[in-house]
Ligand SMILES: NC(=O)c1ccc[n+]([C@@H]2O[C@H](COP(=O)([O-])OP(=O)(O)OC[C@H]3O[C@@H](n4cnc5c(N)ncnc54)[C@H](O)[C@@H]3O)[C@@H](O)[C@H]2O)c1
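Below sits a lone chain in structure tokens, taken as the form predicted on its own.
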Amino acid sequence: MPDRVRVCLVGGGRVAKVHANSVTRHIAAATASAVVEPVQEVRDAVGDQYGIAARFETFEAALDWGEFDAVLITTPTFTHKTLAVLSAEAGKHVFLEKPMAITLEECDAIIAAAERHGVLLQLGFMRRFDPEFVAAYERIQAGEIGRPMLIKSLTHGPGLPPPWARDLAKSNGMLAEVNSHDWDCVRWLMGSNPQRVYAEIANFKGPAHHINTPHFYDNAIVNIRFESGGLGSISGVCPCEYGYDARVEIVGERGLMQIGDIRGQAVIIAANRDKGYITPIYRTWPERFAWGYIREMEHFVGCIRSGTAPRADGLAGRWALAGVLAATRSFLEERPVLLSEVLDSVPPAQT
């Protein structure tokens, strides 16, 4: 292993730039060695912005070059399985953005390839590394609020998803693309796997945006029962227009814990007596989870250098997807769905 972990960005969109910023400006033990992006204008813009000399139109060309140790995959969900397996087969460590894949079979193929070729696999669940969420987890583990009984998690995003992300066949919809973090967080913070879900969806803004994608929805609410007996809910709205909003509330046997705030800054402005108080809010997810993104990449690089297993592993990604698939079946069939119905439909992994 060289003195600095050499990473290849696979994709040149917003998430790729967030990770490139972490690698080039915050992590001394890593360097951005290459970028893969089919659109030349985007590829060159990312390369110029972050000082990346090696630029490739295809991932196969980047693998032929091969001068990197790990990949950061930020491409659309339906490409994840192919890219992650190719990376593992080439001996490259894999950082894979959420959602992990389209199906559990794809998740299992990714996990198996990483294990077979001895490379690390980390999922992009940055909330596990966000200072507020980490502090909350540690205090729950310390017993400050007692055993968690009820957990409520929400993620509301301001922008309209791209066309592919509205298609259940290519993305599994909003519950995957927007709410994957919620699925991971409720399982992580509750300390228990989901057992049964019931989902309701609604489409309020699709007609105004001329969206005719089958089963499109922009609002969702999911009720969850955990194996521990605990209860939970996940709320998703996208687009919500008002800003980026990610909050969690946990009710324990001895207390209440709240994580996150709709306010983006601890600033209050009294501009005039008609408008009253004004306070800034978070406008984007990179702003809200800036330190989470940096620290998850620090963790990934540190795991490569030390040979230790990442905290946000393939199993976490698989469980998050299982929740999405169960909830999707729930709203399509208009009934509660046991997780076992989804998990038992594929050859069992380490569940």
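In this text, residue numbers run from 1 along the sequence as written. Nothing here was measured: the structure is a model prediction, and the numbers come from that model.
A second form of this protein, the form predicted together with this ligand, is not displayed here; the remarks below concern that form.
Only one of 246-254, 90-98, 216-224, 137-145 places residue heavy atoms within 4.5 angstroms of this ligand in the model of the complex, namely 90-98. The partner is absent here, but in the model of the complex a heavy atom of Met126, alone among Val197, Leu175, Met126, Val71, sits within 4.5 Å of this ligand. In the model of the complex, no heavy atom of Arg335 sits within 4.5 Å of this ligand. At the 4.5 Å threshold, heavy atoms of Arg166 stay clear of this ligand in the model of the complex, well away from it. In the model of the complex, Leu343 stays away from this ligand, with no heavy atom inside 4.5 Å.
Residue contact with this ligand in the model of the complex: His181 places a heavy atom within 4.5 Å of it. Contacts of stretch 283-298 with this ligand in the model of the complex, defined by any heavy atom lying within 4.5 Å, are made by Trp285, Tyr293, listed in sequence order.
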